[in-house]
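Below you will find one chain, with nothing else, as structure tokens; this is the form predicted alone, and questions on how it binds or moves follow later.
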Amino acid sequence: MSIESLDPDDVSAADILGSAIERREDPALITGNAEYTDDIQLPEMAHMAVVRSQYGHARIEDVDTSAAEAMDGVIGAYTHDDLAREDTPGELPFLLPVGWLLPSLNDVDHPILADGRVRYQGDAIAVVVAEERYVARDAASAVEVEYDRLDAVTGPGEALSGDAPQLHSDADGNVAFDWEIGDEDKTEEAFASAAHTASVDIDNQLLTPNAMEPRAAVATYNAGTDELDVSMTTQNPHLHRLLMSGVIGHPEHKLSITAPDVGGGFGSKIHHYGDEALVAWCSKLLERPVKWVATRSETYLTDAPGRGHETEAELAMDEDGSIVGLRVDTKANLGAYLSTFAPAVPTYLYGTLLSGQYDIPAIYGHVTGAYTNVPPVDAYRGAGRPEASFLVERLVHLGAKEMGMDPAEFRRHNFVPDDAFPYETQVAVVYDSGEYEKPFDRALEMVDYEGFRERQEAARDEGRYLGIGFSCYIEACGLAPSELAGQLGAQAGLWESSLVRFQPSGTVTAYCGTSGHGQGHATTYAQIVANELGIPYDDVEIVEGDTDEIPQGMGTYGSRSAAVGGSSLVKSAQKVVDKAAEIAAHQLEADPEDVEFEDGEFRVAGAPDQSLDIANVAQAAYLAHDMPEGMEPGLEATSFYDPDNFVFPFGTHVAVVEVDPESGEIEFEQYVAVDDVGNQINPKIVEGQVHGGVAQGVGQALYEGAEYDENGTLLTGSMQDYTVPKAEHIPEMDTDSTVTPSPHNPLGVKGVGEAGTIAAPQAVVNAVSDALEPFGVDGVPMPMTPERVWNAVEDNAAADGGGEDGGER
């Protein structure tokens, strides 16, 4: 880490925004004083365990819970039939909803407990509630399920082939949707007239979430008041309140959702799973607290994986190396059912980013969503944007090779020019601001690009194979505005809400509808509010993640919190200052037009000795002894901020590797990340988020991938089989940044949480391809294990001693 943290006591409110203040969240996290869901202990609390399908696809002939129910300590065992009983809470159908609709969408029923058929290994069949956690699990193992196994299919291409088993009667051919973007005819014409083309087939593998804290929930029902309180691992409590109220039929205003400290999510805790709804249902049924905590094995089976694309893509160039067209056909794995925002991920979060950082005059993208026998696939680690960025940057790498151009020069030749912003792409979005050569040039400088090519040549003479890979990525954050999102299919608004409240003593509590789970919101939001109000940073407390305390909110995902939640706080703080200015003017007997606000002080213009501190104004607002006529007491303000547009962070990442063609081993020599995320609220937190993101991106490039056999059985169901990278696997990183503010929000921020994970995979893959260029290897499928690297070299050697069709598959 290259940025030193600052003590907030050493920074004034005027300078607090943009300073690398040390995170206030960390002491509790690293001393064990944080409270996670499993730390919650309540009197009379029971424990739930879930009986899950052991097969990827099967009819359920019978479920016998008698042995489980006979065990000491077991309170009850419940199946889909129990959901349907008149003497149990709620009414059928107990279906999980989908939150994004498409015109061609073939929606299918997604019951919280299987109704006669299971469609992925881990599909919930029954639940058991017991006095003790391990009794519940033992009892779940005692539930006997009689299956009639069915053929399974796990890949989208195979599922759509016409020969695959049919998963749902409402989705012929396993087609979840058929979607397109761009101009097909214009793109056809571009390819017909192109001087050169490059193509690639890509498998962007399924990734399994691995948050440190597994999913968990504790529900408490008060029969006297009909109030149901649920604490759970969520990234969006208000959204879960809305969805859960519909699933279990409980009034939204009688349901509260609280997110205690949450140990990571990366998207996997956005979605509404059936398990948390079942905890709430059991609590209502039994009228006592019920807890469920997923085992690590359960998270592997059931947490919504990400990616799962099979893509064929082509790039067209003219004789000068200008890109004239891009054509993409993707088959996207949606899993067994539609998860909460699944339809949006391979469509509007993917197709709209196909222009990358490049000025491409014709683009056409076609995506077919497929039902398969894997868990429902949804947003994870970037969601759609990593797939788009990987595809574009792999094609650009191959396009440069086709043109015989240096890959750096080819990129520079095709960048969107600085004077073209705001830049409207051919795939429906308008980039807010950008100067793509700034981070690019800085990254080339940091890796000494010219010197590298000389070193590479010399190393090859010694039988060593160095490679350099570029990733000039762009992403879209802060999805907005709500009106546009609604037109595209969103079943929710994408605004954010906040409340800024002065206490009578002059301290401030700020509430925001986002829900941090490791990002550092308590620090960065306090910096924003302190700066706007001109008060000490330590006088600001941030509250998130509780539907009873925060009126409304949309949560934290898609790197939206700073751009949307932070901007909402700015608006609320400015409203507070506006009201305080009127009170100050009244107290100072001045015209409000003559009162100026700076550094927490209201001053009368031209009379600097007449001033009031904003904390004193807050006290006057609550005393209410001498207020402007007609003004209500108190000093607080609420805002609902709905942005005008997305924000578009960008940057350049460069990987330098050495590959041993005889062993397939890959070693990092250098990794450089230069990101432009707009204005930075806290550079230390930005740096940390880039590091974490790169670690996940390197994990996808080299180590991670969910594998299923032909029966839909997960082969990588534990950390022994699914390689989560350790510290020793992650390269040292050289990070830097440029700043191009976004014009679409008052902070000028763009979002950083997913930058590293979006940028890294293609930088590493391109570097390995560059290293193995003498062997004719154009690409190695991810994860690039030593075996796959070795096979790529050997396959090309066996073919012709080195050709140009190494391919990704």
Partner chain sequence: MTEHDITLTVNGTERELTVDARTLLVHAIRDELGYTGANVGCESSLCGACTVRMDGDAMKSCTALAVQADGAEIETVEGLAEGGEFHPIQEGFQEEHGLQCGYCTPGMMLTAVDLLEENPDPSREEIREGLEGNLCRCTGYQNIVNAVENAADSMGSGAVADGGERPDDRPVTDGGETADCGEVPDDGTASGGGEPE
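Residue numbers count along the first chain shown, from 1. Since this is a predicted model, take the numbers as computed values, not measurements.
The same protein also has a form predicted in complex with its partner chain, omitted here; what follows describes it.
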With a cut-off of 4.5 Å between heavy atoms, is Phe646 one of the residues that contacts its partner chain in the predicted complex? no
Test of understanding: in the predicted complex, would Phe640 fall inside 4.5 Å of its partner chain by heavy atoms? no
Interface membership of Thr31, its partner chain in the predicted complex, 4.5 Å heavy atom rule: yes
Should Lys726 be classed as touching its partner chain in the predicted complex when contacts are defined as heavy atoms within 4.5 Å? yes
Thinking of Ser5, Pro731 and Pro783 as one candidate spot, does its partner chain come within 4.5 Å of a heavy atom in every one of them in the predicted complex? yes
What is the one choice in Thr79, Asn210, Ser245, Gln587 with a heavy atom within 4.5 Å of its partner chain in the predicted complex? Asn210
Contact assignment for its partner chain in the predicted complex, among Gly692, Gly600, Gly321, Pro536, heavy atom within 4.5 Å: Gly692
Residue stretch of 503-511, 701-709, 332-340, 579-587 approaching its partner chain in the predicted complex, non-hydrogen atom distance within 4.5 Å: 701-709
Sequence-ordered list of residues in 666-690 near its partner chain in the predicted complex, where near means a heavy atom within 4.5 Å: Ile666, Glu667, Lys684, Ile685, Glu687, Gly688, Gln689
